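To begin, one chain is listed below as structure tokens, in the form predicted on its own.
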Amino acid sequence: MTSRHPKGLPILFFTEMWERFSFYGMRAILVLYLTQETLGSNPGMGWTNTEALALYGWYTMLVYVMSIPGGIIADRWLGQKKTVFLGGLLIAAGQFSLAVNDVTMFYAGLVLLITGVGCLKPNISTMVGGLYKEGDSRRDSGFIIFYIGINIGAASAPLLVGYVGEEIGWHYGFGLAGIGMILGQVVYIWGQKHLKEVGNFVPVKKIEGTKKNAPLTKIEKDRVIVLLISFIIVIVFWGAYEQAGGLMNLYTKEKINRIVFGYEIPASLFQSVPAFFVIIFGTIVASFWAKRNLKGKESSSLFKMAIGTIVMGTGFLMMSGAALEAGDSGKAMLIWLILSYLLQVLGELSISPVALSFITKLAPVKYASIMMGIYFAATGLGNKLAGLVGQLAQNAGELEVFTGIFIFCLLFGALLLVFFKKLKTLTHGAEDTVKNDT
């Protein structure tokens, strides 16, 4: 990783890995903590499923929507590097606030987390793109490596934080997530010597010879239009995919048979399954698209995102099978859940890392952090949509909702393929210099 890529990539890799450990650890136990009864050896807040999913939707939306002001802060005042550091401090403070058994501290912790992730998330991704010069063929593989770091954190967090939270104490789990962010800050500070040329605030009127207040060119406007359309794909994707932390998390706890070799696996541990699949299948999916490209077949970002939407949606057909088997009072086999996560991840690998690289190619330089912020805001809207869909399932029924998600993703992906060539034309060859962007 260090020999072929800039030395700053491992620093951002491990910083983001620990930040995602913090985020996904907290995410794995949030709705379970909220819905746990207030009595017993490990009491929760005693909320209903609907109430917990509502808060989950608002939290996961705001945590990404705040990426817009986070991007603005970096572009206009602090620079990406300092804004990432500020975000890490706020995240750590938020997790340790949740570790305190107090309602006021709980809500204060959520506010700190929302603000911190908003500062860190868009800017560290933009810094990864900044490590490479325009047209550098290593950029896309660099984002794949970076994405693997995200999923190492996401895979390990539910196993550790989830187990500690469910089996020992919820607040110990939140505290462990905070320790993860502290480790990320240590790595980030130590690695500053490798990040001297990236993420700095440049208070000048020109960026690469273009005035900041100059209007966008026709090509830039067309590319922004394509980016905004791709953000719609992002909203749909996360609206379905983020059922994992909400509806599917609760469904796993209540209606999936989790007993393996006589031991009942805690529900939160299954939050690590998608991330493990990303690590296992990431290079396989990358090789698939690379081989298509070498054969001269279509493998552009927009095409991958359309196919990814369809494949991801198919995962919910598996959950429909689980709902049919479980019925109203029974439990479904674990294999349905595993197959669902597998298909969702195969779709994810053609959408999420591709979109990150796509933005750094198409976004006008002077709006780089803001456009990345808008991308994560779209992610946030998708998360809010996920919460609303989860709430709907409490009344309409899981079978109807799972089937509805499958049908919608299938039709939406097909619609993207119909208009694919026109959208590709509007990119004005932005991907011609860089191949194999998986």
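Residue numbers here begin at 1 and follow the sequence given. Quick caveat: nothing in here was measured; it's all calculated off a predicted structure.
Note that the form predicted in complex with a small molecule isn't included here; everything after this is about it.
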Per-stretch contact check against the small molecule in the model of the complex, the hit in 41 to 49, 65 to 73, 392 to 400, 371 to 379 (non-hydrogen atom, 4.5 angstroms)
371 to 379
Looking in the model of the complex, is the small molecule within 4.5 Å of a heavy atom from each of L32, T35 and E166?
no
Sort through A286, I150, A323, V236 and report the residue having a heavy atom within 4.5 Å of the small molecule in the model of the complex.
I150
Assert contact residue (the small molecule, in the model of the complex, non-hydrogen atom within 4.5 Å, options S352, T360, S97, S156) equals S352
In the model of the complex, W18 touching the small molecule (heavy atom, 4.5 Å)
no
